[in-house]
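One chain is shown next in structure tokens, namely the form predicted on its own.
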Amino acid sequence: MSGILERRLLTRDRGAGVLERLWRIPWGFVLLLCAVAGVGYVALLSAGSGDADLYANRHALRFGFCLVLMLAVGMLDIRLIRRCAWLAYAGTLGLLVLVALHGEVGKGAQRWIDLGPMQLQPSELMKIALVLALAAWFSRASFERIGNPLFLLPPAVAVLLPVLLIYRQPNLGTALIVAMLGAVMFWAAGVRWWKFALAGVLAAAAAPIVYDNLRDYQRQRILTFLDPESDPLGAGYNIIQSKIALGSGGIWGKGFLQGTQGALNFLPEKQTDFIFTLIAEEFGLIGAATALGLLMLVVAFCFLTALRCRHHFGRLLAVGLGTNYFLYIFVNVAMVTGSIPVGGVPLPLISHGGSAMLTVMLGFGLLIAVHLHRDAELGAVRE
């Protein structure tokens, strides 16, 4: 009889815990994400020339599914998340190996796994898995132990393996982003500055070798970045059309569905990589700045969560997730403005595409879990 009563009390307490966590979810942050996705819906409606079924409705359906998934992940116990971090990394690394062996080929690259309703790009998921694994590794270590080069060897290998697998797809842009994410996690963990200087020297020494082994189209992207006008109807076409669209929007833009570069299909990949250019053309500097402002508020919430968290695992995880989202934004906007070579990086929650949205929403679910458990006790560090 007492056992039955205890089980009932435990069930009641768990139910109360779930309700309490639901109440404590940062609903303002959730509404902010909905606002960003709303900007994406309007932009994709324009990209489809007013036909919602072409891009916009699928974007809304994906966001609705990912929103539920985000809230479910956010309700998980932070201790369970830390215990499963390396398991998630191993599983995602296995998916990258599967892509190398049997992945779907598209536009000359082998990057996707065909799941029927959608194509999954494991290189996107690896960004979250790597942040999780490195946060779990460094969160238990003292500052003195982090200074030991042997202690840094396993996480360095954990960064290098996916970078090499992603580079071979080939996907140089994502490989570099994963490498930068790893570097930020090492810095946030307290790795000494001279080790970064040494890594920078080694990277500079290896740059000519990497350049010689790039595909022809990758080298062409770099040359086009340096001089887009050298081939205005070929390799330089995309970035030239992007700049024309950016400049023609002016302060207030041409108006919804009134853009010429996008509507007449001069603007390439307007629903994915160049969606920000479409926004700037139709809504001008004001619209583009508003979209960027919303995106940066999301980044700010990530780093604010890190500052408010009392345990090292949560701080590292929030910093990594915020950096990942910021890199998406920075690389995409810098790409379409001609500040860096053109590469296939979408604008998260705005561009059309499932893998990037799934990745960032899973990350935001983990961020919500950090927010809800920011005062949790996760144990002492290892000396």
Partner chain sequence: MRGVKRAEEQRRNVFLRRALILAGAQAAAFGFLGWRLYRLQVEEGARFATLAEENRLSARLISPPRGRILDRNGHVVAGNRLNWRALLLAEEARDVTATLETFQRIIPLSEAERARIERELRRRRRFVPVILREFLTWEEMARIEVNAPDLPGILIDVGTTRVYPEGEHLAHVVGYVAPPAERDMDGDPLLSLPGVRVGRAGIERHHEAVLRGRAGTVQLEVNALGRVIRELDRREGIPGQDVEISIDTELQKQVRARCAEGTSVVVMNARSGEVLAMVSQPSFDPNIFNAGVSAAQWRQWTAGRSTPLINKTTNGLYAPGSTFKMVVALAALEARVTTPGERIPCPGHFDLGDTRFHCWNRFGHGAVDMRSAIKVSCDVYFYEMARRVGINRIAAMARRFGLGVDLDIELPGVRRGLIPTREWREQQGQPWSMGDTIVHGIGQGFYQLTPLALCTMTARLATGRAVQPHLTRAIGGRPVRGARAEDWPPLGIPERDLRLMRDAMWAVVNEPGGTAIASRLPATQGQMAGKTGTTQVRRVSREQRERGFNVQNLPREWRPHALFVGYAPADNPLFAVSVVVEHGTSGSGAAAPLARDVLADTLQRFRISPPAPRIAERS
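Because the structure is predicted, anything quoted here is derived from the model rather than measured. Numbering follows the first chain given and starts at 1.
Only in words, not in the display: the form predicted together with the partner chain, which the text now covers.
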**Report entry** Non-hydrogen atom contact residue 213 with the partner chain in the predicted complex at 4.5 angstroms
**Finding:** no
Query raised in the report: Does at least one non-hydrogen atom of residue 256 fall within 4.5 angstroms of the partner chain in the predicted complex?
Result: no
Query - residue 352, heavy atom within 4.5 angstroms of the partner chain in the predicted complex - result: no
Query raised in the report: Could you tell me if residue 247 has a non-hydrogen atom within 4.5 Å of the partner chain in the predicted complex?
Result: yes
Report summary line: Note: the partner chain not shown here; in the predicted complex, the stretch from 34-42, 66-74, 329-337, 48-56 having heavy atoms within 4.5 Å of it is 329-337
Requested in this report: Report whether all of 78, 164 and 219 sit within 4.5 Å of the partner chain in the predicted complex, measuring from non-hydrogen atoms.
Outcome: no
Requested in this report: Find the only residue in 261, 238, 174, 169 having a heavy atom within 4.5 Å of the partner chain in the predicted complex.
Outcome: 261
Query raised in the report: Is any part of 251-287 within 4.5 angstroms of the partner chain in the predicted complex by a non-hydrogen atom, and which residues would that be?
Result: 251, 254, 260, 261, 264, 265, 266, 276, 280, 284, 285
